[in-house]
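Only one chain is included here, represented as structure tokens and corresponding to the form predicted on its own.
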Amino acid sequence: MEVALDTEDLAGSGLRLEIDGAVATITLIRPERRNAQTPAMWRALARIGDTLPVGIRVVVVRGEGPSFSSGIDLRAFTPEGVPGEDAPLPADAAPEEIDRTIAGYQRGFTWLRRPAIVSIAAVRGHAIGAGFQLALACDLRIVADDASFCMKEPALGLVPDLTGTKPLVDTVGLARALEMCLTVRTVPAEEARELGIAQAVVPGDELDDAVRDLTAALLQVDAGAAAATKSLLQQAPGNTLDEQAATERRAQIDRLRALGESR
């Protein structure tokens, strides 16, 4: 079913939100602009995260039409701007105001990493710049064989600032991330799979089925155990072995207590 709350507001920001049981699907609905992103879209993504119903376990992010997202709407950098939108950053703003503004945009991406949910980017066609970063904000990426990824920001004289740099380095390593970003080259689907950016590559007409199958498999696991395990895995890169072992023990104690209380 489609969520009634803020539907018109979301649509005006270029998004559609649908809820089906424990699954939320967020669709970028600007296919005429290859789902180019705007500040209004980033703020709307943050609102979805703020109001996501309790009980949602899987969030699927997809684009309507042949592209996932071509990145920021480049009209934002012209004097005319994006119709009906303010400039992404206030003119002549102090650094503190710019920092607050960007932090607000980043909130639309960071909530997709919450332990209580597993987020899946269903990527077909272009995932460029902000589109690549939105895909990287998700836990998993299932991609069509025509998908391509590119971190375009340096070509515009900018840096990626929508939380994409850490997951990219964590996934492919510093050297490969440097090469990808500073050459601004396009990474095709099969290379993305080899690098670990994509967990699976499927024919375009099988993408929706592959995402549904993955979603069904994820929902078979106990919700509490899934959230606790995701949290454990997220902490692992920053922990020593001894620290992670202790974290595992604490998590298991919590799980045993929860299981005992449920009986």
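We number the residues from 1 along the sequence you see. These figures come from a predicted structure and were not determined experimentally.
Unshown form predicted together with acetoacetyl-coenzyme A; subsequent notes refer to it.
Mark T215 yes when one of its heavy atoms lies within 4.5 Å of a heavy atom of acetoacetyl-coenzyme A in the predicted complex, and no otherwise.
No - in the predicted complex, heavy atoms of T215 and acetoacetyl-coenzyme A never come within 4.5 Å of each other.
I'd like to check something about L158: if you look in the predicted complex, is any of its heavy atoms closer than or equal to 4.5 Å to a heavy atom of acetoacetyl-coenzyme A?
Residue-level check for L158: yes, a contact with acetoacetyl-coenzyme A.
Using a 4.5 Å heavy atom cut-off, state whether I72 contacts acetoacetyl-coenzyme A in the predicted complex.
Judged by the heavy-atom cut-off of 4.5 Å, I72 is in contact with acetoacetyl-coenzyme A in the predicted complex.
R43 versus acetoacetyl-coenzyme A, in the predicted complex: is there a non-hydrogen atom within 4.5 Å?
No - in the predicted complex, heavy atoms of R43 and acetoacetyl-coenzyme A never come within 4.5 Å of each other.
Using a 4.5 Å heavy atom cut-off, which of 188 to 196, 169 to 177, 123 to 131, 96 to 104 contacts acetoacetyl-coenzyme A in the predicted complex?
Flagged stretch: 123 to 131.
Contacting member of L162, C181, V118, L136, with respect to acetoacetyl-coenzyme A in the predicted complex [4.5 Å, heavy atom]
In short, L162.
Quick one: of V61, I48, A36, L207, which gets a non-hydrogen atom within 4.5 angstroms of acetoacetyl-coenzyme A in the predicted complex?
Of V61, I48, A36, L207, the residue with a heavy atom within 4.5 Å of acetoacetyl-coenzyme A in the predicted complex is A36.
Relative to acetoacetyl-coenzyme A in the predicted complex, which residues of 174 to 209 have a heavy atom no more than 4.5 Å away?
None of them.
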